[in-house]
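Taking the form predicted on its own, here's one chain by itself in structure tokens.
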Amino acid sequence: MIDIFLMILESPFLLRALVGVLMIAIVASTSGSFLVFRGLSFMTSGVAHAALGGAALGLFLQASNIAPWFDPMLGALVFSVFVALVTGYAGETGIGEKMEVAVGVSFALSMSLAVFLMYYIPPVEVPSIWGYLVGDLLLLNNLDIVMLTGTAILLLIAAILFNKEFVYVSVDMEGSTAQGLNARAYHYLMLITSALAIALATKAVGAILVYAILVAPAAASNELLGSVRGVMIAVFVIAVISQLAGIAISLSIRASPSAIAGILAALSYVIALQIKKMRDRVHVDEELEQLLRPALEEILHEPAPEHSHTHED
């Protein structure tokens, strides 16, 4: 144990990876949980791929000298907020289906723009765009850690301050409006902060891992637990375990830690579905037993019929 601890301290890339694991788990337990409550799990993928389109735009503006100051990360953030605003506008009525359609349209627009701009970007810069899609926990730099930590802390503060409001808006937006809550403001605040967190996490670890870590643990916890706090804690635990296992396995075999973490996170949802199915089956059996118990007790306690004997003279 001491040897492992010393190895982590002597390896900056491992230390940065562990910090990244904790920060992404915080983002998952807050943003991921609220998006699943809201029925907007697809928004995570939409925002992550919008970040890819924004990064492509930034690289194009730099390569063409149209705006050399325009950083690709700035483009990723702008596109991510755009997806959040379009999604929020479509969902002001509280209808989740309209928001899913808005996310899908924004997703298609961002990816189409990214592919279009790749033809005008120097080939040597193209791999940095695809880096937003794949990513790697072991390749985080100091800037990634600073940005990811700052975003995770801001998101955690927002989740603590507006926890009840975010939950009300996620579960019943129309009902929260009827109760006098400024649901529209909290609706946009939740979506924009989530979009910024997803974009920065995408820059750090890639769209694939972000989608797996933010959606799968939240969906799995939501299947098994009934309280908001319980879901968030479970999401954090699953996200941390999945990512740590991904790093540990990748050090033993030649594999991407992000890919392994994504697989483990997705498996958590499959396992949760099986546990829920077994639990529901037991619950049905208990209800059936309760229904049949009175009848069985009545049969067991019913006196035996008397047999009459006839005698022939």
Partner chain sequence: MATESLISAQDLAVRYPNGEIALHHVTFEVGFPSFMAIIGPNGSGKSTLVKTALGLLKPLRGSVGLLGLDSVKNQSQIRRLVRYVPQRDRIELNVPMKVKDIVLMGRLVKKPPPRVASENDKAAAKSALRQVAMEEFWERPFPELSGGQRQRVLVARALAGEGPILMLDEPLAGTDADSQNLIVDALGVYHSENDVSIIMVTHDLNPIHTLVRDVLMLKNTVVGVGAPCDVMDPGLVRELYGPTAKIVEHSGHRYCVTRDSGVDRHD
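Numbering follows the first chain given and starts at 1. Small disclaimer: the values here were computed from a predicted structure and weren't measured.
Only in words, not in the display: the form predicted in complex with its partner chain, which the text now covers.
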May I ask you to state whether residue 178 is within 4.5 Å of its partner chain in the predicted bound form, using heavy atom distances? yes
In the predicted bound form, does residue 168 come within 4.5 Å of its partner chain, counting heavy atoms only? yes
So in the predicted bound form, is its partner chain close enough to residue 260 to count as touching (4.5 Å, heavy atoms)? no
Would residue 222 count as a contact of its partner chain in the predicted bound form, using a 4.5 angstroms cut-off between non-hydrogen atoms? yes
Tell me which stretch of 103-111, 81-89, 67-75, 181-189 has a heavy atom within 4.5 angstroms of its partner chain in the predicted bound form. 181-189
Just one of 36, 26, 272, 57 has a heavy atom within 4.5 angstroms of its partner chain in the predicted bound form, so which one? 36
Sequence-ordered list of residues in 216-243 near its partner chain in the predicted bound form, where near means a heavy atom within 4.5 Å: 222, 225, 226, 227, 228, 231
